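To begin, one chain is listed below as structure tokens, in the form predicted on its own.
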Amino acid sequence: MSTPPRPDAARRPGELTARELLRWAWRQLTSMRTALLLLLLLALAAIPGSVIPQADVDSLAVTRWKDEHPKLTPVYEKLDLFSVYSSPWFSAIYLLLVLSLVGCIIPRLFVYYRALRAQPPQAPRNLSRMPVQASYTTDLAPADVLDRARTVLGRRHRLRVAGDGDDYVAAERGYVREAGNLVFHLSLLIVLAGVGMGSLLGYQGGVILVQGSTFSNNLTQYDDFKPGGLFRQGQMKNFRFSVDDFSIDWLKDGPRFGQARKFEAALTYRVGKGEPREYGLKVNHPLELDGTDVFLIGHGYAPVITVRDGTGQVVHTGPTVFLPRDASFLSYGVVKVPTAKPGQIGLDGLFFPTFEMVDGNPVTVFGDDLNPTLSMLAYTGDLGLDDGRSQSVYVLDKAKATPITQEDGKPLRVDLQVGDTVELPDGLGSVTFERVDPWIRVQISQTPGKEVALLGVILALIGLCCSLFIRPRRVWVRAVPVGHGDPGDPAAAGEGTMDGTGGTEPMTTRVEVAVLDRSGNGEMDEILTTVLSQLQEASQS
């Protein structure tokens, strides 16, 4: 009877089963080449996040960018370019990189662990063929030479366990290098775990606070809030703080004229029911409140504007946040007054911290508020606040509004300096510029895994230093008995040979020493000389 053909016989060359295909895909994913490629791809994918404003970092900049680029905004929103680091495509690259790294690292951990526990290798058959070797003879017996070699090399080397009949001593040092490799690869997993904990369990939010205002740590107080996947509102700590003052040290001369050198916000904070405390919040010097960090990341100006309607009633007063548009702090802002009578009033325009006319154009020549000036256009009518749609406080809906005009029909521009008041035509009311208050933008974040990630980074540095600076080497010492005048006689015994008078001729021992460097160090001749001198000193003692 003929045997039935195996199922594999019908497969075409190169055809893989589902299991083989999965194994092949896993091997490709966990190769070091794929990990490096994914790392490069992740770096390229992060470029849009550093060029395009990100909603979780500065939602105000995102709003301003959308206003300036209305045609590109829908495309960017479809591609999640305003939230690159939380987009599905970026997350997919990141997760593939994590899988690839884990698949690369875990097998190597076992390799390095076995290398860390391994014994030195056996001595080569012919030590004289080693690139760095030497030999000498001694009157000591081979056993005594090997004992002394173990004593000398055992101080700083790991010795191979001697077997029956071994005529050599094998020693190796530099195992800390393997420990460094092990720690370095393990630390990468620790860093990934720490970053993952922070992303899943933590949160990050931002808020703009005008000087004199108070912030309490609850969701309603944030301008933008980005929680982790496993974040729970109960994790938020009970604290609050007030912005008492904000100061900037402006450079008023020299090559860096006009730049700010120092920012400091004077805060008064309280954690839970504790006593109030003061803190000077600076850039790169966050305030830590019960495991939550408060960072100073931006500042600007909030002109205090008072609007009276046609009846003379104050319908709006207080600081209005204006957003900087460039390094000179030329800022844009909006005022909305839906309760004004006889009609709603809207203002939008620019704030000039240090106003000057240059070649007939209004400019700000300095970031400090030395000559603060407002220049805004006025609107009345329906501002779109009653149709139920959400609306940014930094955008004025002019679709149904009517520009307020002067007698000549030109749009009315409200130009104000501190203390000025402009009357609106047609009995609509008036606008007064009271003063300028500074505002700061703070980022508040809770990152539970940052200590774990920091530990991983420290371990990675330690492991990397061990891998780079520890130089592993191997040393072999072989002792072979030889007859006097016949150093190559393998039959010679350690008790001597008969001479012509019938006595015994003393035996000698040939000692061979070889050194092998595993890191390419060129100092092996010096090390060989040191080992030889130590062995010969031990022989003479």
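Just count from 1 along the sequence shown to find any residue number. Owing to the predicted nature of the structure, the values given are computational and were not obtained by experimental measurement. Each form is matched to the other, and the largest set of C-alpha atoms that superpose within 1.5 Å is called the rigid core.
Another form, the form predicted in complex with a small molecule, is not on view; read the next lines as being about it.
Contact with the small molecule in the model of the complex, judged as any non-hydrogen atom within 4.5 angstroms, is confined among 97-105, 143-151, 442-450, 353-361 to 97-105. For the options V75, A162, L464, A92, the residue carrying a heavy atom within 4.5 angstroms of the small molecule in the model of the complex is L464. Among the residues R240, H185, R173, K398, the one placing a heavy atom within 4.5 Å of the small molecule in the model of the complex is H185.
Contact annotation: L385 falls outside 4.5 Å of the small molecule in the model of the complex, judged by heavy atom distances. When contacts are judged by a 4.5 Å heavy atom cut-off, Q344 does not count as touching the small molecule in the model of the complex. With a 4.5 Å cutoff on heavy atoms, T30 counts as touching the small molecule in the model of the complex. Within this chain, L468 lines the site of the small molecule in the model of the complex, having a heavy atom no more than 4.5 Å away.
With a cut-off of 2 Å and the rigid core superposed, R325 has a Cα displacement that falls short of the cut-off between this form and the one not shown. Core-superposed comparison between this form and the one not shown: the CA of K400 stays below a 2 Å shift. If you fit the rigid core between this form and the one not shown, you'll see the Cα of R471 move by 2 angstroms or more.
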